[in-house]
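The data below hold one chain only, encoded as structure tokens and taken in the form predicted on its own.
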């Protein structure tokens, strides 16, 4: 196991900026989910809006937790001089947002 060392501060700050960007994305998911439940009118029972809202809020929760974990793993790798670990978080976010957008579009056209 290699010894940890203090990295160049620019790498640490870049890691923190990435973490904060994920937190902003989480906040957008929370806001989008709550807005979907409150304002989308996609049917008489509003169940499509509720599903979209729940999926977006859950995505925000997963993104918040995943961002923290990614920040920790990256910081450890930077301090040890190792390779940064791969993450599925961007793929999960992109796929979820695209799917929710497509579902919203289909329900809007169907209505």
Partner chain sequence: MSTPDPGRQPERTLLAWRRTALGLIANGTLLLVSGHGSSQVRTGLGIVVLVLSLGCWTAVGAVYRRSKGGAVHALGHDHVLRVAAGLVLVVGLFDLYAVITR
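Numbering follows the first chain given and starts at 1. Quick caveat, the model's predicted, so the values are computed rather than measured.
Beyond the structure shown, there is the form predicted in complex with the partner chain, which is absent from this document and is the topic of what follows.
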Can we say 80, 88 and 99 each have a non-hydrogen atom within 4.5 Å of the partner chain in the predicted bound form? no
Going by a heavy atom distance of 4.5 Å, is residue 42 a contact of the partner chain in the predicted bound form? no
Exercise: residue 76 in contact with the partner chain in the predicted bound form, heavy atom 4.5 Å: no
Indicate whether residue 3 is a 4.5 Å heavy atom neighbour of the partner chain in the predicted bound form. no
Considering non-hydrogen atoms and a 4.5 Å limit, does the partner chain approach residue 61 in the predicted bound form? yes
Sequence order please: the residues of 45 to 82 with a heavy atom within 4.5 Å of the partner chain in the predicted bound form. 46, 50, 53, 54, 57, 58, 61, 64, 68, 71, 72
